[in-house]
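Here we start with a single chain on its own, the form predicted on its own, put down as structure tokens.
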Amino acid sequence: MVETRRVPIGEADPYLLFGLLGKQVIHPGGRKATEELLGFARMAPGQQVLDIGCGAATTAIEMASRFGVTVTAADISADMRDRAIANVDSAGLAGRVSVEPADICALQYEDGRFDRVVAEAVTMFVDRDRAIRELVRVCRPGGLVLATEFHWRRPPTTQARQSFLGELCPGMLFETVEDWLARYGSAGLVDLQVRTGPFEMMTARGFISDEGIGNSVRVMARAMLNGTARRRMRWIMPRVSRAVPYLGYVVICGRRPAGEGDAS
């Protein structure tokens, strides 16, 4: 169900918490993964792009400004949509990036609507196979579906798995790169391509690389000055640290096969 209420910071999951604190890049692999995804995407002016789970619209803004595409930036969270709208307006791209509510498991768009469908760190929070089928459904024949997800780079300890999936992000599901490829392939995508790397978003180097020094300082200052956020961060960081040695990101690109008479 698409959210209409704003979530108090004390109830926010880790992704939303960082969004509320002003973090601009909130997905595994950070800006590096986004660049790899865009390298696969072969975007061109005039294309219609869906960025589902757009968060703060950082990637949507990048795609519209760099490639001249028209982006539908959609998110289930009212809080993230608020941030996305503010960022789009600030970038002067309201005419090229529209922000709207959407549920990845029940997209309101017609079949084959988009030339490119982008989902950064979304399907692992929901019914993965249902969500992936929806991504493929709204992609035009011959178009590309592109996603970024977590994966286990090596088998985690029981403690690491429980800390990350059981306590920090209950309900999130992911396994290996091979498992992701099988799921996206089963949904009908072909010519699958992948890039992988370590999870560094919550390391000092990764945080600064994604946000820059200025925004890194601003985010952490907000966290420290807000008592609720400070307590949440003290609870979150040890659990993330247990999982980091085992975590990685995977970027997946697949093509929806072109039907008879469709150009790829």
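Start at 1 with the first residue shown and count on from there. Values in this document were obtained by computation on a predicted structure and should not be read as measured data.
Omitted here: the form predicted in complex with a small molecule. The next part is about that form.
Using heavy atoms and a 4.5 Å limit, would one call residue 75 a contact residue for the small molecule in the predicted complex? Yes.
Quick one: is residue 152 in contact with the small molecule in the predicted complex, heavy atoms, 4.5 Å cut-off? Residue 152 lies outside the contact set for the small molecule.
Examine residue 15 and determine whether its closest non-hydrogen atom to the small molecule in the predicted complex is within 4.5 angstroms. Yes, residue 15 sits close enough to the small molecule in the predicted complex that at least one of its heavy atoms falls within 4.5 Å.
Within a 4.5 Å heavy atom cut-off, is residue 26 in contact with the small molecule in the predicted complex? Yes.
Contact residue in the predicted complex, from 147, 102, 138, 144 (heavy atom within 4.5 Å of the small molecule): The residue in contact is 102.
Every residue in 53, 121 and 126 with a non-hydrogen atom within 4.5 Å of the small molecule in the predicted complex? All of them do, each having a heavy atom within 4.5 Å of the partner.
Name the stretch: of 153-161, 103-111, 86-94, 177-185, exactly one has residues whose heavy atoms fall within 4.5 Å of the small molecule in the predicted complex. Selected range: 103-111.
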